[in-house]
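Have a look below at one chain only, the form predicted on its own, in structure tokens format.
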């Protein structure tokens, strides 16, 4: 099969690294890709939301399957675009249609979905700018901290957790005034859930589903999960506190009702479902849906899958996922993300990266890199993820940190406590 992967981050490098190992993979392209994907595939200079260019490329290169990495093209309707054109319908896409993508694209949509299908989540209400007074009054009836979520996609920055009521009211006004652009024209206010978070990944063909390895990521920039939120500073898989009892609750209360809801609403969904969950005492609640794999969780989840990934995705596209059994590596995997100095605020780009050839204990997945004058340089806030296996968390993390010590770029920053709470 000829395969095209859309995206340019660590998630897409991990996916392309895995797909490249498939005996079924003839040619592999990544658009637009990064310096890491260039090692296992051919990078193509096409933007992930340029549907016309993507379609032309797929026809020219006889692409059989397109794996959509990021959420943006899914929310904008790339699956619907391909199905609307007869000459493109033979190409399989891994990702949901536009309506189902609203599970991530709209917080209000996903909350309504959970309410309709009795899926446990935090109490909430959604408001628009014309309902500012009602929204502020709703805040007054909640106990702090207050959770404000931009309804639309805000590049991972649209969620605010605020302890002070007056500050929450001020932030609410700013959100309605365009703090997150069009994403915060509608705002969801919900109760704060106290617990520990984890990530569950499901692959579905719209009727059948299979579990992928469970993971836990670490979002904040500082040790002890302090400081500003980021796109993710590291991850661990499996998760020690997700035992059979909790897994059964997740399946019965969340996974099955989600799939039943997708079927009930006749949504077009062939792809990944990322369930951002929180364990409150002994019970799981949904924080959010994502309609693609997470990053940096992908960098520990994908390496732990023993199956030929392309075979699994082909079965997904053809509605045969019930024929698949996902096999997991029994070892523990950790990933530690190295980031540019200043991230998640402003940061420099174009810093040369050296020492990658010295890494032998870890997989290095590039997130924000590019090739310049035959050198690998930084091109983003999150630069590279160092993934390692071990029989224990300590063994795996030791490998990741030793590998990072062999690599250098100006301003390199990383957390030294990934997995500290497991």
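Numbering follows the first chain given and starts at 1. Since this is a predicted model, take the numbers as computed values, not measurements.
There is another form of this protein, the form predicted in complex with a small molecule, and it is not shown here; the text below is about that form.
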query	finding
The small molecule contact in the predicted bound form: residue 197, any heavy atom under 4.5 Å	yes
Interface membership of residue 190, the small molecule in the predicted bound form, 4.5 Å heavy atom rule	yes
Interface membership of residue 161, the small molecule in the predicted bound form, 4.5 Å heavy atom rule	yes
4.5 angstroms heavy atom contact with the small molecule in the predicted bound form for residue 304	no
Which of 280-288, 262-270, 306-314, 174-182 sits within 4.5 Å of the small molecule in the predicted bound form, heavy atom basis	280-288
In the predicted bound form, the one of 351, 249, 219, 76 near the small molecule [non-hydrogen atom within 4.5 angstroms]	219
242, 202, 139, 147 - the one with a heavy atom within 4.5 Å of the small molecule in the predicted bound form	147
